[in-house]
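Next comes just one chain, in structure tokens: the form predicted alone.
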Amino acid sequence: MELTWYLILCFMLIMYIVLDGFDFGAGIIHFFFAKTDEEKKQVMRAIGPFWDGNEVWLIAFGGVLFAAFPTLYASAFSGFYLPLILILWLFIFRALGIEFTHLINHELWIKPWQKAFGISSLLLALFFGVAFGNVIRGVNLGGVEDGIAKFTNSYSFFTPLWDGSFSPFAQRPGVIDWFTITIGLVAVFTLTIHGAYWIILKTEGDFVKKLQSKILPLWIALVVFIVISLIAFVTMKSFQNQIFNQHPSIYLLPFIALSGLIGMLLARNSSKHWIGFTSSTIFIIAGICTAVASLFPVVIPSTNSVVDSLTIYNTASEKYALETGIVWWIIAFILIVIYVTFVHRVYKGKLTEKHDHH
């Protein structure tokens, strides 16, 4: 049952990143590349009917994490308390930036809320990437210093925003170091391209051609940070290849990710706009699956040798809770699928000016 719930958890996280990820990317596009009012409206038109519904996957992910892996939930939310609060405020300002922008038709009102939307989207993409980098790198479980655990609960930890050495190999690594920042920048460029392809898919006009011309430099920057992160990734103490050796078919995942990455470049001038968005989706899914597989069954690696890492087995709920929860998850999942299907059917195809207000 632990493995079943772990797969469910990964599935919901991936759905959230793919769906709300293009919202983050659209916000970054809105901030850096949309210069005119019409271009900004075109960005908002592309995500307007979808952005709030996409966040349902994050709420559902949190609920599943709490129900199926309560120890992991308690550990992560206490250890990453400060960055999680920052992310919460960024979510608030992103929503306010979307909903408040056109309440008053005056530049002194519109401009600050537009910037709030763009900056919040950028920082959310960066912080989620940094968070993923922390999971890959691991944390100092138990608060071990000089070989002694300072916390009574072995799953407890405290991660400062940064360590003086800014190194992922420090005794008490911070949330931000050169490795997690690199993963954060990979997330930023990936979601920017993902968001650009969504806008290209859902709208039309000169701005679409403008975005197509921006794909190449964004893709080059993405590749540079991917190479840096891969070099660092294989040096992380948390990296494991047992699952790859036991199941060689998993080696297909990085090759699928590579095909998605190449597709993101080749589709930039294609008239079949769905190819670009599909390629970025494939890259995101396969990339996350590759990283998760390399850690399995660990969910939060320990950077010290005193306290064992948190796994899907030592953080899961009792068997009865896991078996009972499956029924309610299926019901909730069906409702989410019905809602998502309905919204995407209503707003299928290109969105024009008539869709500016919802």
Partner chain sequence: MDDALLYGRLQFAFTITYHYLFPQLTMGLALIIVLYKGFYLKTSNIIFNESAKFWAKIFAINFGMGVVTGIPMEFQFGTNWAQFSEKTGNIIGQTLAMEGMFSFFLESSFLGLFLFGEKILGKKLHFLVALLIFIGTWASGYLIIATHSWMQHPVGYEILANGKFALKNFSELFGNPWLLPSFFHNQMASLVTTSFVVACVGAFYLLINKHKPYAHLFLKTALITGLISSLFVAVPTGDLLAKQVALKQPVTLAAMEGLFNTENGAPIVLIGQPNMKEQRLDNKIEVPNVLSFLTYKRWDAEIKGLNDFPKEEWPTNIPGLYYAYHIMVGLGTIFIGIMFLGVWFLWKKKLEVQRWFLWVLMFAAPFPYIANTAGWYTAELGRQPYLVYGLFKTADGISESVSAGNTLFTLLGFVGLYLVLGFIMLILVGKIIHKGPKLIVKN
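Numbering follows the first chain given and starts at 1. Note that the structure is a prediction, hence the values are computed from the model and not measured.
Here the subject shifts to the form predicted together with the partner chain, a form of this protein not shown in this document.
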property: Non-hydrogen atom within 4.5 angstroms of the partner chain in the model of the complex for each of S213, P217 and F296; result: no
property: Residue (of I92, V234, I148, I262) lying close to the partner chain in the model of the complex, criterion heavy atoms within 4.5 Å; result: I92
property: Answer option from L266, L252, L82, L230, heavy atom within 4.5 Å of the partner chain in the model of the complex; result: L82
property: Proximity to the partner chain in the model of the complex (heavy atom, within 4.5 Å), stretch among 115 to 123, 84 to 92, 130 to 138, 197 to 205; result: 84 to 92
property: Close approach of V64 to the partner chain in the model of the complex, 4.5 Å, heavy atom; result: yes
property: Close approach of F32 to the partner chain in the model of the complex, 4.5 Å, heavy atom; result: no
property: I14: touches the partner chain in the model of the complex, heavy atom cutoff 4.5 angstroms; result: no
property: Heavy atom of A291 within 4.5 Å of the partner chain in the model of the complex; result: no
